[in-house]
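What follows are structure tokens for two forms of the same protein chain, given separately as structure 1 and structure 2.
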Structure 1
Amino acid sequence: MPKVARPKPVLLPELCKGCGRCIEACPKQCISMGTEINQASGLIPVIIDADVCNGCGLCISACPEPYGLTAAGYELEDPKDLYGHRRPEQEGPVTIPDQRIPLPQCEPLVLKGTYASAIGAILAGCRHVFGYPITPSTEGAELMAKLLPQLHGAFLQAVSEVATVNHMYGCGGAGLPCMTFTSSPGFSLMLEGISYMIGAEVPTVFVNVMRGGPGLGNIGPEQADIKLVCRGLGHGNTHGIVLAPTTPQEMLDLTMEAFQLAFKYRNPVIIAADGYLGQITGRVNLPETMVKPGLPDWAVYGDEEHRHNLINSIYLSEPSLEKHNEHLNAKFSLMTTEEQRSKTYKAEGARILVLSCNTPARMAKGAVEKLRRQDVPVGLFQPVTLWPFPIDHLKTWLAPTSGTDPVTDILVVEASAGQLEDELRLALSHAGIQGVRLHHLRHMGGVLPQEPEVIEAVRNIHSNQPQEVTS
């Protein structure tokens, strides 16, 4: 056999950390520990006796450094020139936009709230759902498990909520719409992952069908995760848009919208429903169009175009992490100005507003209807976004520009120990609004405020309303 001259290893002393693994690997014993400190690295590189070396290459495969010992060499720029500008970014991939596809015109469906939400997700283009069964949210996952395989999507039952949120982190990081159905204790378990999603800007949708707590509590309807979804999305400076549906129709509509918002802001969106909403059946109209999702430019999809992308929440240097936080907070500010949503019912001319969301808002709506028939000047203000709180909308009722009398009293009706009221108070405080009197009607533990109680509470406020407003 003709003898082929094999290339000898190229050692770059600057990149050698002097670990000596190559010394043990070399059959010819031509490598030895060095003695001189390299001025660039401050380490002591090995020394190769090239005369003895036969180019077997074993030392290269034993070197833990990518470019310390190589066959081809490595063009190391002059270390003193390396501290210059970072090389320009390559041209990145282009975002493929979502497509809106017309749906056939359909008769109204009769759907359970969780089903409506699942169908909303399917219509929003979601074909990947991850979840862990928990009452009263599980039916959403069950429907997905039935339907998604027929659309070549997948429902994966995760080992836990912790695994769920991380499956979503991977799938959402790949740029695809994905979601989960969960309920309060499960949502608590997902918070670390949600913080990572916010940090790494991964869009995902969580449907949290809130149940009674704390602890195992019960499976009755509660709204006691409001503080969690509005103020406590894991560690760090975090926020996410929180949508609060009231009917199965809104479960569908807001789930669809949640995906749009999640991708618009590259941020998780939470749908906060109560246990009743998960289980209630009602009339649901399908929208006119459904979505075929595109693929965002930032996705780590696993193809040539997106090869250079990174999903990551690490910013080692303090200034860079501060800058990243400023970027995230700028997004939160934009959400706050752009995405406030609310609904009202008979609020014109109201001196008293009942402020309520989810199922209690329906009880409140019934109460308003009955009270209005008895000429009590009351209306309903229903925040649809709990975060950002729709304070800009509420403000217009508290200080109307026209000659009408302003609202003097707000009755917060909720199934929690004042968590919705706290959101209201924070929003009023930030907006510098004073003078409106706050009242509350609260239940906890799976009990919802009922229409007759709301009527009674409003009547009490109405009969005690003084002529002048005091702060």
Structure 2
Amino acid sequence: MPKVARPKPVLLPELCKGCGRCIEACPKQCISMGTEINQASGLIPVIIDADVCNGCGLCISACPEPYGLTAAGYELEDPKDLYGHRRPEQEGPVTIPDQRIPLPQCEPLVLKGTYASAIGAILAGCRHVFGYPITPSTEGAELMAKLLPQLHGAFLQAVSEVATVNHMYGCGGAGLPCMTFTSSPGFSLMLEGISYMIGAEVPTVFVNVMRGGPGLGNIGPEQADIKLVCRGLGHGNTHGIVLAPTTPQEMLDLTMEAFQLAFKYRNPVIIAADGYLGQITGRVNLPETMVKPGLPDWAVYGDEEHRHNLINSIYLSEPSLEKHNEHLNAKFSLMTTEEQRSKTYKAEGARILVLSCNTPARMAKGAVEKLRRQDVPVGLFQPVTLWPFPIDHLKTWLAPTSGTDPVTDILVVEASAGQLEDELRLALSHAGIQGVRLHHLRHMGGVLPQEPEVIEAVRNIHSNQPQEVTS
């Protein structure tokens, strides 16, 4: 009986992924691993010695690819005929919106500032907190470590602030609300990671309870991180909304708002408190609702629906990086237009404004109250956002449209060497506002301006104003 020639296998190199299963299956050892990359696949296909091959077909059976190895003369078939029709591709992940859950009414609480911020974060839906202990912010992290396990959340004490910010990068990139409590030296260590987050558009919240510096300094209250949070959030083209609370109530309220803003703009948000505010206690009212967070469509959540998403801050092509920076600048511009926030106290009819934030604003408010009783035309302007600086709000007092006299003098009261005043001067310059006279009252190193000092400074300004201003 004549011998029938068996068809020998044919290799399609662009479909071979070089797994080696055919090499193990071949009884004649005529298949070996190749040495050259196939340009179509980027992989290294195997090599078949056809002279040694006896056409047994075991290699074809072993090949996991439908057409990696085929018999000579085999006609290619459409994959849908082999495996059936594929499930239609989803149009893409959809955003699961946040839900507002009513809270039962309760009596006001008496909380220290860091505790109030922690409660605000929980009510905003935050269940993931990362941190490294540093005074005077540690109590916020301690409270979260106690409460989050009871709320199906997690607190992770990282090995350092550098590790902390990278944990936050991963958690925020998954679309989950997360935060940290830190203080000035620790915040400095986080700046590289913050730059990555801004570049990759990852939302997170940083509570920076500012303390005295530079260097190790002390644990007293200071506002010497204002230039850092407003102008130095890591390398590159970086900005983030900076909220400056003044009371424990604002610590809670602004922390809740910080999460909303972080996800609205996909950007880190900074809460700049001072060491005194982090530790003092005050009356705090809880809101009427809390947030059950959803999941944004861009999240790298690890499930099938979000598998095509990518969080990335690397743009090796110069034109691509420039285009990305233009996108970030457009976002920063929108923040500047839409998110300016401020508060005033007795500013109507004022010719002098005391400009202050954080704990020094409490001293300034007391001084304004007493001076107003003595008919001194002074008011308080409190910037709630340090970046963007609320210059659009301030200029309504510097150039009123109602026919009232404008403010002619501003006294900047701060616990730093002019960092808040620098933000004011820069905002005035960009807005093209001239003619207002600036004065300052400053303390540093953990020393806070006091109410009598503010009163004396305002009196000196008032007594030196031109006669037509005070008439």
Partner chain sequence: MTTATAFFHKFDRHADGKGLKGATTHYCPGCGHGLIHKYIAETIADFGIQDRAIAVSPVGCAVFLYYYMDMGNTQAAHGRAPAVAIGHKMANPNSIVISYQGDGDLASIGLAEIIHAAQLGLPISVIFVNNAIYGMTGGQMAPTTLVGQKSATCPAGRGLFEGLPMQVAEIMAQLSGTVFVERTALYDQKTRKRTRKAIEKAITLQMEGRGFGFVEVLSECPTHLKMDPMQAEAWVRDEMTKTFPLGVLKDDDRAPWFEMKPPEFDPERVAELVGATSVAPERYCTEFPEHLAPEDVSLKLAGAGGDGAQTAAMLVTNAAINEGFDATHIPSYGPESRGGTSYADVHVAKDEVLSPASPSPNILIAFNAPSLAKFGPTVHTGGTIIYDSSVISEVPEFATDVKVVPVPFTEIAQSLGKVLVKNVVALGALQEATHLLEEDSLLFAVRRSLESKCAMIPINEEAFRWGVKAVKEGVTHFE
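Computed from a predicted model, the values in this text were never measured in an experiment. We call the rigid core whatever largest set of C-alpha positions still superposes within 1.5 Å between the two forms. For numbering, take structure 1's sequence and count from 1.
_Which number belongs to the form predicted alone, 1 or 2?_
The chain shown as structure 2 is the form predicted alone.
*Gly55 C-alpha relocation of at least 2 Å between structures 1 and 2, rigid core basis*: Comparing the forms between structures 1 and 2, which are aligned on their rigid core, Gly55 does shift its C-alpha by 2 Å or more.
*Look at Cys30 and decide if its Cα position differs by 2 Å or more between structures 1 and 2 after superposing on the rigid core.*
Yes, shifts by 2 Å or more.
_Core-superposed C-alpha of Glu453 shifting 2 Å or more between structures 1 and 2_ = It does not reach a 2 Å shift.
*Superpose on the rigid core and then read off how far the CA of Glu65 has moved between structures 1 and 2, in Å.*
Comparing between structures 1 and 2 after core fitting, Glu65 shifts 15.8 Å at its C-alpha.
*Can you give the C-alpha shift of Leu12 between structures 1 and 2 in Å, rounded to one decimal, after superposing the rigid core?*
Comparing the two forms, Leu12 shifts 7.3 Å at C-alpha.
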